[in-house]
Each structure stands twice: as C-alpha cells, then as structure tokens.
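Next comes just one chain, in structure tokens: the form predicted alone.
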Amino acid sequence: MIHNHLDILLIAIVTAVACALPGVFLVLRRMTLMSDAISHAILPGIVLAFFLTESLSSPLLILAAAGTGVLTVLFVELLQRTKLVKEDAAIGLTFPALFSIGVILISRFAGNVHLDMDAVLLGELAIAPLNRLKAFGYDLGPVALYVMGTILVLNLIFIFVFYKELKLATFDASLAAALGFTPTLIHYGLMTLVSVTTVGAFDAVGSILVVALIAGPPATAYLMTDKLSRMLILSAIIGSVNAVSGYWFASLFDVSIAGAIATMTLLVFGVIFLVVPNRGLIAIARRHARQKWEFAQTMLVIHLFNHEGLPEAETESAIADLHEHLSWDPTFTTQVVRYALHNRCVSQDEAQLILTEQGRAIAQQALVQ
C-alpha cells in the first residue's frame, strides 16, 4: 500500500512538471486555449489507433494522438489565416468537432472496452500504478511513471537545446525570422511537444487535469517573475507543490485525486494572485491607496504654495477652512492633513499649516510638470 501511494505521488509530480514546462511558452504566447483544444482533440486519434491495434497499451496510441494534436493546431491556424475568424473562434470550431468524432466512435464502436468518458475527462490516478512494467520477472514500476518520465526528459532536452530559439520566437517572431531562425518550425516543434505531453498525461490524469497542469503553474509563475529561466523553474516547483498538496487533499477527504490537484492548482494561483509582491491584488490595492493619498497631499501643498506670502495666506492655510478651499469632505481633509504632517510636507502652527522645504519642493515639481 505504501508503494502504491508513493507511485501515485511520483506519477502526479512527474506529470505536473512535464506539463508545466511547455506550458510556460503557451502562457507567454497567450495560447493556453490551445492546450484545451489539444487535450480534447486527441481523442479520435486514440480511438482510431485502438481500432488498428486493439490494445490500449500500444505505443501507436501515443503517436496517433500526438499526430491528431498537431493536426488540430494546423486546422486552427489555417482557419485563423483566412482572417474570417479569430483564434479563439477557430479553436472553438476545431476541437469540439474532433472531440465529438472521438465520442461518437467510442459510443458506436467501443462500448465494450475500457474507453469511457469518465476516464477521458477525469482520469484516475489511483489506478495508474496498477499497470506495471515487468521485465525478466522483475516489477520495474508503473508504466505511467516511465512514460511521463521519458516525456519530461524529452521536454527538458528540447527546451535546453532550443532555449534561445524558443525565447526569441516567443517574444519576437519577426526578429527571429530576420536573424535566420525559423519561427514556424520552432512553433510546430513546440506544438508537437505539447501534443506528446498531453497524450502521455491523458491516460493517467484525464483531459481536464492536463489543461490545469499546462496552464496553472506557468500562469502562477508568470505573476511572480518576468524572467523566462526563473519562470520555467518556478513552474516546475509550483506544479510539484500542486501535485503533492492535491494528493494530500484527496487522501484526507477521500475525493478524486485529479480533481483535488486541479482544485489546489486554482487555490495556489489564487493565493499568489492575492499576495505576490508588486503584482498581487493586495499590492495593487495598497499602491492605489498610496497614490490616492499622495495625489491629495500634492494638491494640499500646491494650494499652500500658491498662497504662500500673499495677504490671504493665513485664511487659506487655516486647518478648519481647508475643506472649503479645496472642496473636500471635512473628514477626508483631516486625513490628508495627518498624512502630510506624517510625511513632513507641512508643519502645524496652532490652527495654521506651514509648508516645509520638502512640501515646497513637491509643489514646485508638480507645477513644473
């Protein structure tokens, strides 16, 4: 039983990392919908390959499904190049049609075999370790672990060898073409990699979790950094954290492992979305609040500066009358005065406000701009 739990956890981690690495480039290219399209559209390729081999363990299933994934990308881009439909519409037209073909083939010709819709959509990590790789009388471990481990190594090799080309083609395809690279070849190489990864993960985790693992960790990492190398590393780490925490959640509450990992992927993204420094919602809210008070402070010191040294200066700088001169709410005016006093932009002399050198400099700079 312990080995079974360990096998499930290893399969989940390896699958998460394998999906997250190519997913980084899909997120940067704003092509995450393509992962959803591929994860569904590979179904007819799997079914057709099964009809030919009559085996669910044949390597031909992976090859046929990967080919269907690349074909999906080709169909989407051909529709998009007509300029008659946009990319999201092209995806919406392509993958439901291909997925529906797969569903029809299963319901019509494969009703008595283990190709059901629950397995297609949700997968079942709990039974993935039951399919063992055996050689010379030895149990070498789950087949899914070897499949996803091999795909992970292929992903790492592809990204390492073509890192420069992928980076250039992702951020500036025109410059890549001008420098003699072939962005189209790199693009289809990446799409092939995504297709192979999707197919490999499809049997164990199902199409829904494949999309979550391809899009979730890279999108979370993108909130944390703009550097591609760091984003790749963070995506792998976040994917592993999602897999481990999701498995723990599923074990604790006795729920679907794939569903729990997908849920944790969303929760981790949500937490980072809230708390990440400089980019999170909390940081943005604080920045907006700070800008609001800084702007009000600037208006206050400009008002004092404009009347400084004039006969009406005493009246215009009276704290009790500031809200009338600035057309502010009295409570808000009191808060702005406290903010300016705290920042030493003004000083208080009984009932009057007096500009400090710092406040005068702020006013002068604002007026020059």
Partner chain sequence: METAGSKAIEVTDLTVAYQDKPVLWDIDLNVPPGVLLSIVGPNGAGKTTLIKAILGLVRPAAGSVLIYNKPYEAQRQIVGYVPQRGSVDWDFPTNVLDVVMMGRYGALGWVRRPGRQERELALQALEKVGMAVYATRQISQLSGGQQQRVFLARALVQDATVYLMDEPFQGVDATTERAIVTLLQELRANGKTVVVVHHDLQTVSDYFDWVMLLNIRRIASGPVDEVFTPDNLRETYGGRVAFMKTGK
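Predicted, not measured: the structure shown is a model, and the values here were computed from it. Residue numbers count along the first chain shown, from 1.
Another form, the form predicted in complex with the partner chain, is not on view; read the next lines as being about it.
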item	value
Heavy atom of residue 287 within 4.5 Å of the partner chain in the model of the complex	yes
Non-hydrogen atom contact residue 302 with the partner chain in the model of the complex at 4.5 angstroms	yes
Close approach of residue 367 to the partner chain in the model of the complex, 4.5 Å, heavy atom	yes
4.5 Å heavy atom contact, residue 146 to the partner chain in the model of the complex	no
Listed residue that, although the partner chain is not shown, lies within 4.5 Å of it in the model of the complex (heavy atoms), from 60, 48, 341, 326	326
Segment assignment from 233-241, 190-198, 147-155, 291-299: heavy atom within 4.5 Å of the partner chain in the model of the complex	291-299
